[in-house]
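Only one chain is included here, represented as structure tokens and corresponding to the form predicted alone.
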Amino acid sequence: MQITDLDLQYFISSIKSVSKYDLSNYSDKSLKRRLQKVLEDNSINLMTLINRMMGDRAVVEKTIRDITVNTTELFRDPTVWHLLRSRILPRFKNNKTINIWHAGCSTGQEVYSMMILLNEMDMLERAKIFASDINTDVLETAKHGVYKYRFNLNYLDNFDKVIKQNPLNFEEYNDVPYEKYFDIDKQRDTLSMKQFMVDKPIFRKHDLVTEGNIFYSKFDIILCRNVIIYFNYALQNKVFELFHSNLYPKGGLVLGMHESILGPWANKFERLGHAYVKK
């Protein structure tokens, strides 16, 4: 059974009636696809799902977790990390503290990637790392910092490209061993972040749609990658307003490779490659 526009609206209003979640400004196309997958994975129809949600808050939470997209990896899109290393992070080299928020952090590989880069730039000690996601399951994974080794094997190439190599100077090579930051156990198929890495970030559950800044702090850098692509235009602008008001002047906002600021908030940022700087 294909999800119709009417089905989708009924689903959205049902969730809204029994929880604080508001999916009305998510991209219809993306939401339909995710909802369809939830129904197929559980071999149920829409009415059964809605009836279960009405009677059990845990079903609502599980449905939200299943519908939100969670894909991330170590040093995803190395060109973005090269930009951070060469043009964004150096701006804060002399700050006493550097506040960084990963909004929609998923399972946390990006959070740990940032800490590795900060440490290599001698900036980690002064950094305060905040991370949030709507999905409590992925947050638990992020807090523990333990991942599947084989799944992440290809992404170790990203580590090499960002940490060991310098695209601006190919003669430069930094022989940084993986075990400086994580332990690999091939038999158990685990890649585990070192304890000093796991202890640093503050992880919190957070809904970008309905909640403001829950960390009560302004930020030098906000990373929100591959999240707003699932929001419609109105909601994107609402989120850009949230980010803009919680960035320090000259603070950086990093989006996904295929995301950009369109509309009224574009004038309040200066474009810098795949990032934006608050004017």
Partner chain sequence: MYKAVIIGGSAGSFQVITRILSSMPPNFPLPVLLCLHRLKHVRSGFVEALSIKSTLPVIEPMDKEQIKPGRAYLAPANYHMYVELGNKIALSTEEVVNHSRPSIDLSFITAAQIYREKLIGIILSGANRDGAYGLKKVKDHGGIAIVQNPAECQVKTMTETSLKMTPVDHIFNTNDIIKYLQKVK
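The model shown is predicted, which means the values in this text are computed figures rather than measured ones. Numbering follows the first chain given and starts at 1.
Below, we turn to the form predicted in complex with its partner chain, even though it does not appear here.
Heavy atoms within 4.5 Å of its partner chain in the predicted complex belong, among the stretches 34-42, 56-64, 212-220, 244-252, to residues of 34-42. With respect to its partner chain in the predicted complex, the three residues 30, 77 and 230 uniformly fall within 4.5 angstroms at the level of their nearest heavy atom. Within 4.5 Å of any heavy atom of its partner chain in the predicted complex lies no heavy atom of residue 120. Under a 4.5 angstroms non-hydrogen atom cutoff, its partner chain in the predicted complex lacks residue 237 among its neighbouring residues. Using a 4.5 Å cutoff between non-hydrogen atoms, residue 155 counts as a contact of its partner chain in the predicted complex.
Contact check for residue 183: every heavy atom lies farther than 4.5 Å from its partner chain in the predicted complex. Of the listed positions (160, 73, 137, 189), a single one reaches within 4.5 angstroms of its partner chain by any non-hydrogen atom in the predicted complex, namely 73. Along 249-279, residues 256, 257, 258, 259, 260, 262 each place a heavy atom within 4.5 Å of its partner chain in the predicted complex.
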